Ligand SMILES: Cc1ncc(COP(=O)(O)O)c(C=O)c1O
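What follows is a single chain, given as structure tokens, in the form predicted on its own.
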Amino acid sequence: MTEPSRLRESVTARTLAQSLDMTAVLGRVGPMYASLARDLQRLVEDGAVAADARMPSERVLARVLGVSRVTVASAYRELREQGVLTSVHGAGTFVVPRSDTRPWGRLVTGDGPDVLEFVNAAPPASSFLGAAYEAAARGIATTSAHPGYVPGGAFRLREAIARRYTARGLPTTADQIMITAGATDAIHAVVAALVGPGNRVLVEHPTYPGALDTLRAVGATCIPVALDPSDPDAFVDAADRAARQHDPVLAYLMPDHANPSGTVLPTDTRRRLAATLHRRGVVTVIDEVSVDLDLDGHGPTEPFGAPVPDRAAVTVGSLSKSVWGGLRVGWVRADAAHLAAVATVYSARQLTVSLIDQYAAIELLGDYEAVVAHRCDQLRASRDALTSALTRSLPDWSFRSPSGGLSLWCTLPAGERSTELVDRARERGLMLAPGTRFGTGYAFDDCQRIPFTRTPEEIEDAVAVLAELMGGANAGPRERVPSRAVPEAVV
């Protein structure tokens, strides 16, 4: 067992005592230490206790819980034997970091026409894309004297994006927009500008793994706040408590069709949340990559941060979901001070975003309602195919059909583990991302994301593979169904 690379967070005995139901611990049949170990492991798996966290000493925890030190020592020993905790001489007892931190791209280990790639929630290229690039090429041909470098982004593109924010209820000028090579590129720039080693950042839980990886890369500590799609208002109170207890510098949220849960925060909820985080001095980074994917026609929701000052929120967006992931155009919307900080960081590693991509984006935004309507029609058909197939073939799986977005977030039957299911599915040519990649610590091994960005036929084939695996049947090699090319990264 290796030592933790860094002391990222210490959990206090009082915090553990508030999270544990000691009545239940004391009331179970069997040894008390085993009951305590079980509940401590649950806190780790739920993300309430972070990976690498330093646990309280046996003596202090025993005193706060009102049990003997022997009970706590035995519970810690049980968790060490299970690989959940490790002790470092002279330093204390730590939560062992989750081992499944493979980069997104490594989750896809095969390619070709016989691979069912359900790692990425990435739709195919829009049918509007070809014409947009043809128009962009004609536009480039008229600017042969242009050097091709446009720091910050082409003005016409920034102006078009600003107009869309203004139309949605968030007055914006072109000077508040910076163009990036996609939304992930934007997140990297914002985090690099605003977050330093040791800083704490609130994240909704579950959340986009790319954001977690970016935050870990700069040495930040992720503070998970549970997001229940059935009770989004509870998220505001939980975020308030977390902000008060941990003093974060930043919060990363996806209030519109969140990845992976599909949650949409109602207008009143997002207003309360924006005001709460602003009052706590927390800058909120809003990821809007899925904001336009309203499949059930509920209509646009007020942009997060509209009622609070511009300095309270930084928004990132892109055309990767509505148009195509290969169109590397994203953006940052922020107040002047934050945008200047982000632009300084970004200019050090990126001189400009592809000009022909920017010109294509301008063309697409000119007919964006039709672009989005076509994409939503595709996704709606695939979502309905997926929910029907899961209900029919995997009735023990539970899920909530989202009103938009790109994926279903499923809870597996008791005793099933996503990490094990993903490994078995890979042997059958079905590529999936384990649920643990969408959280911190050991959380969400009982959950599985299934994107509905593939065709209904591919979805039926994927669910058939999962049904065979869950049933334990050895059906032999599956009949291969042609799949689109496998991308290099996972989103």
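The model shown is predicted, which means the values in this text are computed figures rather than measured ones. The first residue of the sequence shown is number 1, and the count goes up from there.
What comes next is about the form predicted together with this ligand, which is not displayed.
When contacts are judged by a 4.5 Å heavy atom cut-off, Ser320 counts as touching this ligand in the predicted complex. Using a 4.5 Å cutoff between non-hydrogen atoms, Glu117 does not count as a contact of this ligand in the predicted complex. Remark: Arg200 does not count among the residues lining this ligand in the predicted complex, judged by a heavy atom distance of 4.5 Å or less. Contact check for Ser261: no non-hydrogen atom falls within 4.5 Å of this ligand in the predicted complex. The partner is absent here, but in the predicted complex a heavy atom of Ile187, alone among Val291, Ile187, Ile161, Val353, sits within 4.5 Å of this ligand. Proximity to this ligand in the predicted complex, taken as a non-hydrogen atom within 4.5 angstroms, holds for one residue of Leu364, Ala239, Met254, Ala220, which is Met254. Heavy atoms within 4.5 Å of this ligand in the predicted complex are found in one stretch of 293 to 301, 125 to 133, 417 to 425, 176 to 184, which is 176 to 184.
Interface residues of 190 to 214, taken as those with a heavy atom within 4.5 Å of this ligand in the predicted complex (partner not displayed), are limited to Tyr208.
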